[in-house]
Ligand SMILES: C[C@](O)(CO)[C@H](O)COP(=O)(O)OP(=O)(O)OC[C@H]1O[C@@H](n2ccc(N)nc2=O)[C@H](O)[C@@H]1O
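The chain below stands alone and is given in structure tokens; this is the form predicted alone.
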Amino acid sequence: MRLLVKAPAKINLSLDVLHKRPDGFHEVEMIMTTIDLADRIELTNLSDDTINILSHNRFVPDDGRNLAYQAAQLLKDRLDIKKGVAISIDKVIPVAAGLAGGSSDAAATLKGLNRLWDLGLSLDELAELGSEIGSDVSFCVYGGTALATGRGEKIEHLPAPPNCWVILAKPTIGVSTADVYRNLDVSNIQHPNTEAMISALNRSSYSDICANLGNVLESVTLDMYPEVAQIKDQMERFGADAVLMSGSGPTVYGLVQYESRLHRIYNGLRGFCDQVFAVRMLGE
């Protein structure tokens, strides 16, 4: 038996870091929402007790470093499952891009195997398991729009943003999240207004959402990688309503309300950036 599952990307509408925790992680406050850019995961039962990762993308590991592999292994270990699975990953979300591609693949694997193996776990149980794999996996299990706190595993659901276009541009570099956090001076950052963003979502105010986008990691990544700053400048110049880097980068996204402006921005960015996408919000 085989099963197909979509694994959508996320963007950060806001990302705040409060302090370094005793366990070495950072205490965060993030508002994330899913967008219509997705990997496709195909799960196929195997007769032997193994996990096989299949992908045509050379940047996707096919061993225990892969988060989808870790998700399958976690279910097998925790529930003493003696079944095997082939996990085929059709990669659309750019790798190491700040869009939670790997985390979403893991979440899709958890949800898909829950069905394929008839495990009967709730979404809350899957999200709790996901938190052991990575900070964004819990959010990706639920999808939609949410406030994530703790190290990202505590999820509070929020209303979806009003419908709009999202243009994403990723330069041909990968960014190490660990390096970005290492260079972050928590005592000297301008915190985004998380409450104002929650209020904007509750009121479905597009203009207030645009006004309150914020990411404390952005200035760190822009300093480390000037090409990210260049993409942000270009997106603003071409007329996006609001522009922000997602996660630890390097992907920059712009929100655009009207399709008439979309094509000009998209075509302008295609001129000097290979990976450019124009997608809709999913949000719920």
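Quick note: we count residues from 1 along the sequence shown, nothing fancier. Predicted model, so just to flag it, every value in this text is computed and none were measured.
Unshown form predicted together with this ligand; subsequent notes refer to it.
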Exercise. Have a look at Leu217, Ile35, Val243, Ile51 for me and say which one sits with a heavy atom within 4.5 Å of this ligand in the model of the complex.
Key: Leu217
Self-check item: Heavy atom within 4.5 Å of this ligand in the model of the complex - residue from Leu255, Met30, Leu43, Met235
Solution: Met30
Quiz item: Among 72-80, 185-193, 198-206, 134-142, which stretch sits within 4.5 Å of this ligand in the model of the complex, heavy atoms only?
Solution: 134-142
Quiz item: Given that the partner is absent here, does Ala178 sit within 4.5 Å of this ligand in the model of the complex, heavy atoms only?
Solution: yes
Quiz item: Any chance Gly24 has a heavy atom within 4.5 Å of this ligand in the model of the complex?
Solution: yes
Practice problem: Determine whether any heavy atom of Leu13 comes within 4.5 Å of a heavy atom of this ligand in the model of the complex, and answer yes or no. | Solution: no
Quiz item: Does Lys154 reach this ligand in the model of the complex if we count a contact as any heavy atom within 4.5 Å?
Solution: no
Self-check item: Contacts with this ligand in the model of the complex - residues in 239-258 whose heavy atoms fall within 4.5 Å
Solution: Gly247, Ser248
